[in-house]
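Listed next as structure tokens is one chain, alone, in the form predicted on its own.
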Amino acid sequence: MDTLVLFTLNATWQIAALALMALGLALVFGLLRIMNMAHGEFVMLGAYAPVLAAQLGLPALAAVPICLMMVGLTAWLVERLVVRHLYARMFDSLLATWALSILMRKGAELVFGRQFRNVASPLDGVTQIGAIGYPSYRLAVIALVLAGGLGLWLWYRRSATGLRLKAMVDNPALAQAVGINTARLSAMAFVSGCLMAGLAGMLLAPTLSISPGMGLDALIRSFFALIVGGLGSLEGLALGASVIGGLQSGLSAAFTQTAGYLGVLSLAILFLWRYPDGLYRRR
């Protein structure tokens, strides 16, 4: 029984962490049809926010404004200089953001060095669940992901801005004709997606080894989740993260971490080949 509880907690953590990392990519692709290959580097930038806060001798909460300023400014510049010229041009955006990811990675190496870094968890201790003691910080992040995901889904479905975004996605020309500022909405959506990636990196930093190259793993796992669940929707993201996170957790527990990665890679290839629309088709 204890083994089952521990497996369930670990699987839930894997799913929540993956959903958190992939959320920004799902929003940017779903709303703008931009395949942001620099998504992982924005996760990486956010992960360095608590590193900077610790180096400056600031409290752990200072990582939040540092993350918002660092990631937000970078995303705004990227949108203004590169991305706004590539909306609805998926292949061009893929190439441009791939080049951008390389530049961001090398820039991080120059600023932070190539060595791995770790940061302390802002919430120490374990929470007892039956006979199992589980890290309190992981449980807090799981709760935050659930609450944040539900809040974002409700906002997108019911708010005035969410309705304008849906109109822009369905028919950009008509949305612009009726007075919706699609350029401003697109910029807001891109920067918001990058900020979500940065906040994901900041929240997951205490559980990861932080380095300039960590973004590639974040991008690949996020992309796998979207392939399986279905590109461009929160519902598809939830499904994909559940399948990929659960499969990886199960195979890693039964065999090895390598088996877990091989399993999710094989599943992603199968879906690309046989089910390119994923499990959830956006309506």
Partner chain sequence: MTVQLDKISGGYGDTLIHRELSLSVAAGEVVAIVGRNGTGKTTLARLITGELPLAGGVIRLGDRPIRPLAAWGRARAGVVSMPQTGMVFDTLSVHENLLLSGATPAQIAAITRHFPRLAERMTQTAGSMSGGERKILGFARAMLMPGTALVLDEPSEGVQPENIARMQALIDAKRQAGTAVLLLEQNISMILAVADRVLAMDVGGLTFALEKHQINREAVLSALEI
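Numbering follows the first chain given and starts at 1. Bear in mind that the values here come from a model prediction, so they are computed numbers and not experimental data.
Heads up, the form predicted together with its partner chain isn't pictured, but that's what we're talking about next.
Shown alone here, residue 124 lies farther than 4.5 Å from its partner chain in the predicted complex, counting heavy atoms only. Not displayed here, its partner chain is approached by residue 180 to within 4.5 Å at the level of heavy atoms in the predicted complex.
Residue contact check for residue 84: none of its heavy atoms lie within 4.5 Å of its partner chain in the predicted complex. For residue 150, no non-hydrogen atom is located within 4.5 Å of its partner chain in the predicted complex, even though that partner is not displayed. For the residues 174, 146, 111, 73, the 4.5 Å heavy atom test against its partner chain in the predicted complex is passed only by 174. Checking 208, 167, 187, 140 for any heavy atom within 4.5 Å of its partner chain in the predicted complex turns up a single hit: 167.
From the list 193 to 201, 125 to 133, 159 to 167, 111 to 119, the contact stretch for its partner chain in the predicted complex under a 4.5 Å heavy atom rule is 159 to 167.
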